[in-house]
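Below you'll find only one chain, the form predicted on its own, shown as C-alpha cells.
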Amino acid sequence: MSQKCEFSFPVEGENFDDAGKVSVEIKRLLKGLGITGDILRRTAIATYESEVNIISYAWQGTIDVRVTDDNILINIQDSGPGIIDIEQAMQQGYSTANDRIREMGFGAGMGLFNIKNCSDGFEILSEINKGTLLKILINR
C-alpha cells in the first residue's frame, strides 16, 4: 500500500513557551503512520532542533513534512536575519545565541550540527535579512 502524507506547521519566533510543541505533534502524527524506531527518533530530533532555531533566531517560520513510502522530507523555511557564515554555523558548539536564550537552556550551538547528523540528506540556504531554508531528507 502506497503511503503519502503532508503536513505543515507555523512556528512563531521568540515564543519560547511553545518550544517543542510542533515537534511533539509531528512525532505523534508520524507514530500514527506507523513510523517507529530510529526513523522516528531522527525525525523528532531534526524537527525539534529546527523549531528551536526558528524560535531563537527568526521572526517566524514553517515546518513542512512530506512522508512517502521511501522517505521523510522536511522543509524548514524561516523569515529572519539569515545566517552570515553557514560553514561556521555548522560547526559543533558554534552559537550566536544571546544571554537570554542561553539562560533558558537553549543556544548551545548543537542545532544545525544535530540536524545534519540525523539526516540522510541535508541542504541549507540562507539570505541575509530574508531568512533560511533547510531541506532535510530521512530515508525510511
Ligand SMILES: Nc1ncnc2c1ncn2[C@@H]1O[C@H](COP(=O)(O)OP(=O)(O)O)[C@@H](O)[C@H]1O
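Residue indices: 1-based, along the sequence shown. None of the values given here were measured: they were computed from a predicted structure.
Here the subject shifts to the form predicted in complex with the named molecule, a form of this protein not shown in this document.
- Note that among 107-115, 23-31, 37-45, 61-69, the stretch whose heavy atoms approach the named molecule to within 4.5 Å in the predicted complex is 107-115.
- Contact annotation for A97: at least one heavy atom lies within 4.5 Å of the named molecule in the predicted complex.
- Counting a residue when any of its non-hydrogen atoms is within 4.5 Å of the named molecule in the predicted complex, the hits in 66-90 run D78, P81, G82, I83, A89.
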